[in-house]
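Given next, in structure tokens, is a single chain: the form predicted alone.
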């Protein structure tokens, strides 16, 4: 196996497994803060809910830390050439994530786990807000690092090194902010469906009815809000940045092989790179031109306008993007349906909708993972867009066999870790908010 492919497979596996847990911490943190503040004001049911979600949050946080550490080491082991060239830039936000966000989140999570009876009420509620802020701040620094690799700014090239010239340019890049807000909205969809789904499980099981109704109500409302925000404005604006700076990725996402005026939007279809055609498509006429440039008559460049060695893996980029968009549409539909039943005061007594809320819980994670695949695979063949190719970033002294061997080791360890995570989380849900 080629060493570049082996290194990419290892990093893809470790980061996709790790990303499952930040999704939950980012998505659950506001709910932990909400119930903790209510508990500090003397709400007994909220106190039980706060302790319950804090325990689940802590399990996710712990596994996220354990699975995040190997990725940091991979920059030095598998991607030494990339790290040597760009360390001046990517080292800054990554260090800020550890110093400012991680320690803030971990210290105050310890206060939350101590419980409201062991600390003053003001410290208990403040700690929940600090954990919320820390989890979202941590996500920002990580996304800002990736966004710089997608659209490098604030740098100069000195010899073979990329030197940072402006940290504010990196942290305040519109590409970074729209990508970050899109990621947060996706995580909030996941977190809100988890809260609503657990509440639906309790209602269907006819236990913890009062707290379960609170879970379902707040979960559905938040899910509906963020299911809309993940599409507009965050998804739309993030798409504008891709259109402006990564037009080849846009063409791959849409399966557009030939440059077209009045370009249609493909709802479904199967891209064929042998014939440079989209097989059995269903189109919405002119819509891609409008979404990309705000003009139904605008021309959109297809893949054929670029050298084939600059194409990303078209099939994977196209399907990942359409999985993300398709699931996002389904989330809006389910959240709208549940909100309608909630408004009509029939949600808690409608098993079909409760089952939908419970069964949909894993799918926001699939959508978020598909979104990251779209972003990262669609960037290829660049590790730093327009500056360094992925093949140039690998470590010259690491053989493909070493990467494959350690990948197998990671797979075994992460299988055990995933089993332990599911056991602990399901045990907490089984015990309930006691």
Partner chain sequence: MSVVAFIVIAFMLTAYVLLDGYDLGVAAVTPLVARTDREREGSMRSIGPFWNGNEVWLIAAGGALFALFPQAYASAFSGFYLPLIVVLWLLMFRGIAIELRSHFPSEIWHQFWDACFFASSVLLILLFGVALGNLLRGVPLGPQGYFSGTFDELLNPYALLVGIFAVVALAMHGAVFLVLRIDGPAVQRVRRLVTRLWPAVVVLYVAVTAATLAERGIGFSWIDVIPVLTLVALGALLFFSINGRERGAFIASSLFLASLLLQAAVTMYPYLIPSLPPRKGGISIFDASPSPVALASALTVVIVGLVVVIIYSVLVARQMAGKIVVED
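Residue numbers count along the first chain shown, from 1. It should be emphasised that the depicted structure is a prediction, and the values quoted were computed from it without experimental measurement.
In what follows, reference is made to the form predicted in complex with its partner chain, a form of this protein that is not presented.
Contact annotation: of the candidates 37, 391, 387, 66, the single residue with a non-hydrogen atom within 4.5 angstroms of its partner chain in the predicted bound form is 66. Though its partner chain is absent from this view, in the predicted bound form it lies within 4.5 Å of a heavy atom of just one residue from 119, 153, 323, 337, which is 119.
Its partner chain in the predicted bound form comes within 4.5 Å of no heavy atom belonging to residue 132. Shown alone here, residue 414 lies within 4.5 Å of its partner chain in the predicted bound form, counting heavy atoms only. Interface residue remark: residue 372 is not counted as part of the site for its partner chain in the predicted bound form, having no heavy atom within 4.5 Å. Using a 4.5 angstroms threshold between heavy atoms, residue 284 stays clear of its partner chain in the predicted bound form. Shown alone, this chain has one stretch from 107-115, 244-252, 356-364, 216-224 that lies within 4.5 Å of its partner chain in the predicted bound form by heavy atoms: 107-115. Contacts with its partner chain in the predicted bound form, taken as any heavy atom within 4.5 Å, map within 140-164 to 161, 163, 164.
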